[in-house]
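Just the one chain here, the form predicted on its own, laid out as structure tokens.
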């Protein structure tokens, strides 16, 4: 028996009694792109992106979607995107359960002169192949170089999102999450993004 469904066109969800756009709640859980960069002047930046994923294994590549800057009186894109365009590099820091609060804190809307590492109580780790710092407390980090960017369609009231594609050139993994030659996801309880202000943690591993 066919069930009743709610249908709406993008942007019209409230007409169907939906308080907030449910799109991100449907496409979930999503890995968190905790992106660290450094400006040409040596200023570090750290921000989290909820539209992030791996897109290729060989060569290893990742992507994240950088939305326009939402800070008051700011025009253009966020510091992460600007730094990547200027330097051609960035890092992805994997978020475990113990870092969820720090990740959320680092994602607050801050002025460009505030160091998100210090603000969230995090330690900078020197990368091997890029200048951008890594989150030392993260269970793993990916060093990346910029491969390409793609501008996505905008709307009447908002500039288009920029899709950033990066090539992974170096991988760090803490030894305490490696067991019998495999990464043990339960050891650090991988964090992911759901819809609204909700998050999920990997608690169970299913082997069919």
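Positions refer to the first chain, counted from 1. Please read all numbers here as calculations on a predicted model, not as lab measurements.
Beyond the structure shown, there is the form predicted together with a small molecule, which is absent from this document and is the topic of what follows.
* Does at least one non-hydrogen atom of residue 36 fall within 4.5 angstroms of the small molecule in the predicted complex? -> Residue 36 lies outside the contact set for the small molecule.
* To do: Using the partner position in the predicted complex, report whether residue 67 sits within 4.5 Å of the small molecule, counting heavy atoms only.
  => Contact with the small molecule, yes.
* Asked: in the predicted complex, does residue 190 have a heavy atom within 4.5 Å of the small molecule?
  -> No, residue 190 sits far enough from the small molecule in the predicted complex that none of its heavy atoms falls within 4.5 Å.
* Asked: Can residue 122 be called a contact residue for the small molecule in the predicted complex at 4.5 Å between heavy atoms?
  -> The answer is no: residue 122 has no heavy atom within 4.5 Å of the small molecule.
* Where does the small molecule sit in the predicted complex: which of 174-182, 135-143, 41-49, 54-62, heavy atoms within 4.5 Å? -> Correct option: 41-49.
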